[in-house]
Each structure stands twice: as C-alpha cells, then as structure tokens.
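Presented as structure tokens, the chain that follows is alone, the form predicted on its own.
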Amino acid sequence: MSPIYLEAAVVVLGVFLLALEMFVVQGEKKILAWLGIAGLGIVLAASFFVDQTAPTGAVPSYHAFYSTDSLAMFFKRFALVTTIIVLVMSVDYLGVVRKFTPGATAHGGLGEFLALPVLTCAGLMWMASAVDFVMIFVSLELVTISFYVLVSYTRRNAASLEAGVKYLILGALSTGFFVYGITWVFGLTGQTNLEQVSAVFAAYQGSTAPLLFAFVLLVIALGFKIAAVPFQIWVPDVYQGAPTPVAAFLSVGSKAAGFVVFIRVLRTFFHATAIAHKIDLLLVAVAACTLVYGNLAALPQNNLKRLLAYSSIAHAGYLLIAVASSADPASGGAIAFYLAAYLPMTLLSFLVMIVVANYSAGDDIADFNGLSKRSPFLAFAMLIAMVSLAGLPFTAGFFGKFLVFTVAIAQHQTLLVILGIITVACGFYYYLRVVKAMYFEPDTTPSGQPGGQIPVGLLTRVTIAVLIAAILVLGIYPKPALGLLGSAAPQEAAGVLRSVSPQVVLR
C-alpha cells in the first residue's frame, strides 16, 4: 500500500465526522471525538505497513511532488499522534466551546470543532511528504485555513476573535511572502520540484543577490510557521486567545510541519554554494534572537498559556541551533528527537491546564496554587512536564537539548551554545514558578476560597499517564523508545543515538 492512502483515509475520516455530526443529537457529540481517535489510531497502525520502497519502472506521477522517505513517514506519524491527543483534549474542552459558541447547544455546533483537527492532520501529513513548492503551498494552506477557523471558534469570546483576526492577517501576509519566494525560485530555475531546483542551484553561475532574496522571502514565510524571531509577534496573543486544544495543536503540530518544510527548503538552497555562508550567518542570527527573546519574554509571565507561548518560541530557538548546525549529518536526528520529546511534554502541559481550568475557570499560574493538595496526580503530571521543558536530567527535554548542543559543539557554534546554556538557566526560573505554585502556595483558588478535589476522566487520566511515561522513557533510555517509531525515524536519528549512549548522559 502506498503512503498516499494514509492522507486519503484521514480526509475521508474528517468528511465522515462532518457528515455524521448532523445525525448525532442529545449531547452525544463526544462520540465524534471517540470515532476520530479510533480512526486516526487505525491510520497510525497502518502507517507501519505501507510500502516505503522507491518506485521502479513506471513511476506514479505523484512522486514528482510527493515523497515517501523516512523523514516524511516520521512526521506523518508525528502529526497523527499529535491530533489524537488534541482530540482527547477537546473532549474535556467541549464545555467551554458550548459556553462561547452561538448555537453550540446539545444539538449542534460542536462537530466542526472535532472534525477540523482531523482535516488539519491531513494537511500536516501532506506537508511532511511535499517535495514540490506547489504541493507545499497547497498543503500549507489547508493547514492554515483550518487554523483560521479553529483559533476563532469560540466566537463569543472577545480574546478568541482577536486571536483569530491577528492570525488571519499575519498568516495571509506570510502566505504572500511564501508565494513571492516561490515565484523568484521559479523565475531563477524554471522548476518547482525541490530536487530539480537543487540541481539548477548546484550549477548556478549568475548573481547571488536573486538567490539570497528568494531564500529570505521563504525564511520570512516559514519563520511565521515555526515562531522564529522576528516573525513571532502573533504567538502570545493567539495562544492566549485561542481554544486551549487549538493552542496546543499550533504549538506542536504546526511547528513540526513547519520545521520539516524548512529542512527540505534549506537543503535545496545549500546546493547554491555561492550563498551557503550567508545562509549560515542568517540562521545563526535568527536562532540567537529566537533563543534570547523567547526565554527573556517568558520570565515575567503570570498567565500559563502565555508562558507556554513564549516557551514555544524558545524551543524553536533550540531547534534552530540544530538547523544552523545542519552541516553535521547528526543534526537531522537531533531535530527529530527534539520534536519527539517536545510532543509529550508540551501536550501534557496543555492537557493538565485544560482540566485545571475547567475547575478554576482560569489559566493563570495562580490557578495552580495548592494543586498538589487538590489533585496530586495532576500536580505530578504538570511537574514532569515543567521539569522536562526546563531540561532537567532523566527527562526527554534534557536529552533533546543534549543532542542539539552536541551537534552545535561539533560544528563550532560557540555563540549559540553559550546562549543556549544561559537561556536554559532562564527556563528553570519560569518553569519552576509553576511547580512552586502547585507545591508551596496555599490551597486556595484565586478568589481566596479553599480548593476542592479535581475530577479527572478515565480517557484523560490514561492519556496523561502515557505522556508521563513517554517523557521519562525518552529521557532515561531513548533508544528503544525511538526504535518504536520504526523506519519512520530519520536515518540520522539512529546514528546520533548510537554515537551518544545513555550511559554517557548519566555520568
């Protein structure tokens, strides 16, 4: 079976959920989420049985724009896992959607909120396989347009509407830069396929100014998707105003897809040796600014969603360290592992936040005061998420940062390593503020009333337990855990994990 059928199955599932929504009544909309989770789980299992071998003989026409390499398969499964967890979050968030959405009663208005993430997942999977600028643009727009709707879905919430407008305007602007960049590339090469563009760039003898200008245009557009400075201005307000599951989806799924496209485009331009040095300098500058801004801006935040927004910018900076060190063959593995580690710790943070916010009606850090007394399980889960995001040893976040710094040191990126170490120290401060609130502040709500026990549903409890286990396993002994991803993990990932044994990390 060809991998292209995976996306087709996800699209069919999304359309099926939209159609089924018309027949589901009496407040049973959660069944759509359950069906979505089950359907995506089946597609995820099927992804391990698809044929990834290169076609021989009569090559299907879609292989000109669709790749089935290991990098694509890795990020397809990444998108599927992310969407499954987002649907789990959505089940707990439906009460908020009903409150702020006109017509979202027991009889309607919720189906689209549960079906759109599935269609967004299809776009993310296509982005992972896209090796043609036209295909990249089409899949990117499928993802972006879906997020336009999801970000502003709670229409009675002024913050959500504001977030939607900001995301729409800046998203449209970034799309314009992307199309303009594609136009310049096509004008220079006469091609849109990345492999063919690379071949033209390798033999390019003309002026370097058009090449550099085209690259800058594409970096501006993709910098918006990965929340890199100075294209991150939308992130804090959009994350704070958007429904929490959507903010989580933006933070993990959209960022990962943006990075896979960024990696493919970057590899294309590195064949233009005349501007390779300037590209290196630009990447170092963007990575350094992203690291410093994301971590320093997170320090004074009192709202947890806003803190996680700036945290997302900071983690984009750490990933850009590996991108700036891409001359090292192990950098691809470092990026893949960092994203694999970023998934459980970030989604766990958002999932716990949804459960606590349902009880306290707020998402400020103060709403977590005394959480260890109200719900030891939720407090422990958030503790694991925070220390992993900070990069404490024996967690996935630590090993991800270790691999990133390893490839940066190998490429003599001294400035980025120094900034990375300093900003990691900043991260300990603002992440551990949440831990302090949970374990050392009085057991009261922001209104001053004693807090009560917080109920946690079975599905949410199981998901939280799985995410905690993933964080700890990836941090203590990552080789078997990464091996579970099968051939989807990039080949460089296996190499970097063979070269850095867990015993070295534990010394």
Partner chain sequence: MVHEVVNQVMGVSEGLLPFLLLVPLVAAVFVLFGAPARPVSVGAAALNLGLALCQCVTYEKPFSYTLFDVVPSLDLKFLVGLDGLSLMMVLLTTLVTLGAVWMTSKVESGENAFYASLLFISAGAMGAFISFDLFFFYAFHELALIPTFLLIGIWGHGDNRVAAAWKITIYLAVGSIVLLVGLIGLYGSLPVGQRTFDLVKLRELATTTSLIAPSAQRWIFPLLLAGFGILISLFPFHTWAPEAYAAAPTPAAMLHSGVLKKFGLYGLLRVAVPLLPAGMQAWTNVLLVLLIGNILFVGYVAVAQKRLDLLLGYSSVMHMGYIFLGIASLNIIGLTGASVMMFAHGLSIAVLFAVAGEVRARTGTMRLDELGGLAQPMPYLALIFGLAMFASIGLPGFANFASELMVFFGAFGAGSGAFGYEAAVAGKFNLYQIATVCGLWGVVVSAIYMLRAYRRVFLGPLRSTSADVAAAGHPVTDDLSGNRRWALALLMAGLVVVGFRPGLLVNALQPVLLRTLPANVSATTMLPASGVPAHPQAAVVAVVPPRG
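All of these numbers come straight from a predicted model, not from anything done at the bench. Numbering follows the first chain given and starts at 1.
Although not depicted, the form predicted in complex with the partner chain is the subject of the following passage.
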In the model of the complex, is there a heavy atom of the partner chain that lies within 4.5 Å of any heavy atom of residue 403, even though the partner is absent here? yes
Partner proximity in the model of the complex: residue 440 to the partner chain, non-hydrogen atom cutoff 4.5 Å: yes
Heavy atoms within 4.5 Å of the partner chain in the model of the complex: does residue 269 have any? no
Test of understanding: in the model of the complex, would residue 436 fall inside 4.5 Å of the partner chain by heavy atoms? yes
Full three-residue contact with the partner chain in the model of the complex, heavy atom 4.5 Å, for 398, 429 and 477: yes
Given the stretches 229 to 237, 384 to 392, 339 to 347, 257 to 265, which is the single one in contact with the partner chain in the model of the complex, using a heavy atom cutoff of 4.5 Å? 384 to 392
425, 158, 203, 172: which sits within 4.5 Å of the partner chain in the model of the complex by any heavy atom? 425
Within 4.5 Å, heavy atoms only, which of 179, 421, 281, 327 is in contact with the partner chain in the model of the complex? 421
Select from 140 to 166 the residues with a non-hydrogen atom within 4.5 Å of the partner chain in the model of the complex and write them out in sequence order. none
